[in-house]
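Next up: the same protein chain in two forms, each one alone, written as structure tokens (structure 1, then structure 2).
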Structure 1
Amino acid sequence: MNGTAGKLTKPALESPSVGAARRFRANWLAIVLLGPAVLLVLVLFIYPFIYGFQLSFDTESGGRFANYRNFFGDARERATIWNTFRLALPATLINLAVAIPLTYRMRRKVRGQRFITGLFVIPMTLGTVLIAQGMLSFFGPSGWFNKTLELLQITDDPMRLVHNRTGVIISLTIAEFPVVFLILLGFVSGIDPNLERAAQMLGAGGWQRFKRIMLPLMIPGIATAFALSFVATFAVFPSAVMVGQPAGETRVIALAAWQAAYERFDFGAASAIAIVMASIEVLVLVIVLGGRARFYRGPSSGGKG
């Protein structure tokens, strides 16, 4: 009897009404704390999206889907999707190719790690416009880069690194690398180092440890970094205009939407182009993040079978 009575704790003696009241207060507190964030999302994201989606069907003639038909029926407008992909995908892959081995090396403390991290994060504070302006001065025909090549007698003709697709890719790579770097660094730092030590004790070399242990565990972080970087670079606008060729190979889909809105004053067509751009970004997010989830469900489901 004494043992049984001793096991009765205060929560067990509480009435159901008291527990329900506590849960209600906790839920109400959560609602109050989430309220400002939900309101902000509704005002800044949900409402503009719904308004733009409705506006995309606003047309004087041709039916409700005329703006979409006009966009996909015009070869020049349709080419903006491919032009944007040719900028966003290489820039994202370059950032991943540089950040993966770098963050793998920096998963452990190295000399000057804070300085190196701060150096890589600096472009995030500059913005795309300032980066593009700096590139015009540094990589232009009379910039420091080409002057240095001429001084070293490497080449007599200036390299064309601006006002083309190469310049935009360089600009996007510089601007978005801090995001990719910080995401992967935070993710790889959270992987248990004992896994790699165990593989080393079993005789696995450095490449084998990276390929068979660290890289598979980094897949979720890589997928997240890829998705966020691709969405940001797919919405490229200032770089495509300032260091690209906006009338040709760097006429991106965001520029097409801007021209429709502020040159032709056709806000319905501009909204339709923006919805197409957003749909492509959402589709890429679904594919990448869905593939990541499927990758991690596979082993567990296979084990159960």
Structure 2
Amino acid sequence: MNGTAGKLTKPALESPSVGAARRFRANWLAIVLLGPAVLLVLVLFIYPFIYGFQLSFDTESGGRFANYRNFFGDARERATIWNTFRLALPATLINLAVAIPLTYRMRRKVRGQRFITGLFVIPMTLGTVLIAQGMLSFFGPSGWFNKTLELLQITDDPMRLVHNRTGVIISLTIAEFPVVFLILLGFVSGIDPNLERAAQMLGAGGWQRFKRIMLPLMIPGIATAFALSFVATFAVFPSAVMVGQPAGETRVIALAAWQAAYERFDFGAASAIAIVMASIEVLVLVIVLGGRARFYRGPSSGGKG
């Protein structure tokens, strides 16, 4: 991932000049084939960030940092960061807590593996809007979920599961679970089963094998799943409005940015909030994915790794 890929390839048995000529042609071809894609990312992804960054400092009054000062100085605006954390972190941790044992169990073939993976992918396509819309009825006071709880005599009064923080956490958990599950499954099924067998032969029990062998090998996958899921849920928007309490405890940072842009038409302030949101996300990605490198990174897939 750091640009050294080109150096690792050896020109095999070619003479240096032929190799150089071929590499030159390959470079040209790469430019032609990759050019449009890279250009599009630069124009439609990188440039808007630069544009928004400039816009956030472009203020009429109050100095260059006025937009940022307004955001961090206003308790209601500042609270959106904490509000978002309190949704993203629980949703991500719940998903990991469920997905780790589940994928661990599925490291060897289970009956109906394809069906199960297919099933878990469904929420991914439904999208948060539909999940939130369906939740309003299903988890509502007279919805099936509360009816079932009453029938089983778990609760007397219906639980309040929508229009509050719980509702948003549920919707995020359902929507993000497939991503966490699939990332972890990809990692777990890539671990060489012989490592576990070796531990077993040396007398390690099931729990010991998990704790000493498999879990350390799963750490990179867990870190990746955590980072991607946290970042995705940190940008929660539609479900915070639909099944949350957008004026109160689920007024998330994305909503603050949207309101600045589309209700107050203050694009400088909106850009500033978007930049704050992006910075937090990048920070989490860098810390978690960077910290991942400190764990074991050798071969876990067997062969001539």
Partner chain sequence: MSETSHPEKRTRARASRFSPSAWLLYAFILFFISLIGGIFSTVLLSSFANTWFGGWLPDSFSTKWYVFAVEEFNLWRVLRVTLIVAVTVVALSLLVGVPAAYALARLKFRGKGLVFLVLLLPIMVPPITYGIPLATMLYEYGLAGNLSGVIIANLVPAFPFVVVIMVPFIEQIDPNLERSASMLGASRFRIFTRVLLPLAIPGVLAAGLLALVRTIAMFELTFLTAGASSQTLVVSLYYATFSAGIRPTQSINAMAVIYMAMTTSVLILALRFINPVQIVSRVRQ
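Model, not experiment: these values are computed from the prediction. The first residue in the sequence of structure 1 is number 1, and each one after it adds one. By rigid core we mean the largest C-alpha set that fits within 1.5 Å across both forms.
*Asks:* Please let me know, 1 or 2, which structure is the form predicted together with the partner chain?
*Replies:* Only structure 2 fits here, because that chain is the form predicted together with the partner chain.
*Asks:* Does superposing the core leave L34 with a CA shift of 2 Å or more between structures 1 and 2?
*Replies:* L34: C-alpha displaced by 2 Å or more between structures 1 and 2.
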